[in-house]
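Before any questions on binding or motion, here is one chain by itself as C-alpha cells, the form predicted alone.
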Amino acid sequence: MDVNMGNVLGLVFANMHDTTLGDITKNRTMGSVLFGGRYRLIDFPLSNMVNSGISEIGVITKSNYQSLLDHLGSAREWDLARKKGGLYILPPFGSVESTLYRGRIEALYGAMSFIKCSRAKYVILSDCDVVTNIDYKPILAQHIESGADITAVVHTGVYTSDEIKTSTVLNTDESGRVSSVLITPEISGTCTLSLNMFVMSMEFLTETIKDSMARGLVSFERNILQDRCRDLKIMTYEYENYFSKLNSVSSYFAANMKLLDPENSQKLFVAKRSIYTKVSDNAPAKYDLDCTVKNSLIADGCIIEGEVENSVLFRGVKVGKGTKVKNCILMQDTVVGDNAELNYLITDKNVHISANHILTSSPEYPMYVGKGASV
C-alpha cells in the first residue's frame, strides 16, 4: 500500500525519559545525550522521520534543552531548514495557560497551537530512548489498512525485570490488537514491549487531547493506552530490526559497546538511510607511532598516544602516552594524562583525568565521571 508521507506530522519528545539515565541527563535533556562517537540521541528519531519522507517535525522540550538547541541549530543537516514545514522547537509554556507538563498529554496540549496549524492527516510520536533505523512508511500503511485508532510500535522478546520495570508492556490478541496494558511492571520473561512510537490520525489526536485535558488526565500510557484499550482499537506493529532501548546507565553503556560489533553497526547505519547529525569541522584523528588501537570507535579530532581497546571515543579526546583505555566511553574533549589506566568508565564532556591514575569498575555498573570534572 502506497502512503503519502507528506501528510504526516512528526513529534519528538526530547525529555520524556530523562530520569532513567541518572547523572548523564543531570545537565542535559535525553535527546542531547551523546551516543556512538559522534551522534546525539535525537539524531535517530529525526533521521528516521526525514528518511521516511516526513518534512514537518516538532521537537517538544521541557528543561535543560540549551545543548539540544545548540545541536539542532537551523536543522540544515537533516534537510529541515525550509520555508514550508521543517523543524520546530516547541518549548514548555507554549500558551498562556500551560504549565510545565507532567505527562505526554499535557506536553501535547502545550503544543496545540503548533499542531492545529499543521495540515497533516496523521501524526507520528516518538521518544529519544530507542536507538534504531526504522522506516515509518509500512507502519503508517498498516495503521490505515487496519482502521486502528492508535498503532504502537513494539518488540516481543525475552527481557529481564530491570529492562521491563521502566517500560510499558502491551498484551495482545491473535490479531495484534491490544487487550491490556502493564505500566512499569515488576516481571520478567517473554513480553511485548512498547518502543514509545505511536501512529494516529490528526483528528483522533486533537480530540483525545481536548477530552483528556477536560477530565484532568495527563498520562498517555495510563489514561489512554491502559484505561481505554478495550474501547479503542489499538493495534501493534511488530518491529524485528536492530534497536537498543536505553533505560539505565548500564543499558547506555551496553548500547554503545554493541556498536563495536561490525554486524550491529551495519544494521544501524544503513547506506541508503543515513543517520544525520551536526557536522563539526574537526581535523582527522591523530595516531602516535607507538599507540595501539583495537576494536574501537575513534571520532575525528582525537589524539591517541597510548593504548585504546574496546572503547568509544568522541570528538577531541586525548589519550596520553603509556595510558591504557579499555572498555570505556569517553565523551567530547576528555583528556587522559600519561600512564593512566581506565576500565569500564564513562566520562562526560571536558573531563580531565590526571596522569598515573587508575579508574576501574564493572560492565554492570560502569563508573561515571561528570561533565567538566577533574580526577
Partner chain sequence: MFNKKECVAMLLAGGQGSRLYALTQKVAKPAVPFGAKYRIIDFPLSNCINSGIDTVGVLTQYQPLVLNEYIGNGQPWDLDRIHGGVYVLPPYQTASGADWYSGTANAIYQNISFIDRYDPEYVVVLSGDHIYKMDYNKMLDFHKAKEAAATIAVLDVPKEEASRFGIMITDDQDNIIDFEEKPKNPRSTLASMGIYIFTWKKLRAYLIANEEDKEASKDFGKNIIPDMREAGEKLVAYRFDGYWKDVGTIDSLWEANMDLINPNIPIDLYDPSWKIYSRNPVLPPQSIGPNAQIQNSMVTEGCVINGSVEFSMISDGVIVEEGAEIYDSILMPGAVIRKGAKVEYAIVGENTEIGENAQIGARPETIDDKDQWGVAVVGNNISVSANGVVAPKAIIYENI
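Residue numbers count along the first chain shown, from 1. Source: prediction; values computed, not measured.
Beyond what is shown, the protein has a form predicted in complex with its partner chain; the following relates to that form.
Interface residue among 210, 116, 286, 121, judged by heavy atoms within 4.5 Å of its partner chain in the predicted complex: 286.
The single contact residue among 161, 179, 184, 280, judged by any heavy atom lying within 4.5 Å of its partner chain in the predicted complex, is 280. Contact annotation: its partner chain lies within 4.5 Å of heavy atoms from the stretch 301 to 309 in the predicted complex, the single such stretch among 192 to 200, 239 to 247, 301 to 309, 223 to 231. Using a 4.5 angstroms limit between non-hydrogen atoms, residue 36 touches its partner chain in the predicted complex. Remark: residue 76 counts among the residues lining its partner chain in the predicted complex, judged by a heavy atom distance of 4.5 Å or less. Contact check for residue 297: a non-hydrogen atom falls within 4.5 Å of its partner chain in the predicted complex. Using a 4.5 angstroms limit between non-hydrogen atoms, residue 144 is distant from its partner chain in the predicted complex. Annotated contacts: 2, 12 and 16 are all free of its partner chain in the predicted complex [non-hydrogen atom within 4.5 angstroms]. Residues from 250 to 279 that approach its partner chain in the predicted complex with a non-hydrogen atom closer than or equal to 4.5 Å are 269, 274, 275, 276, 279, in the order they occur in the chain.
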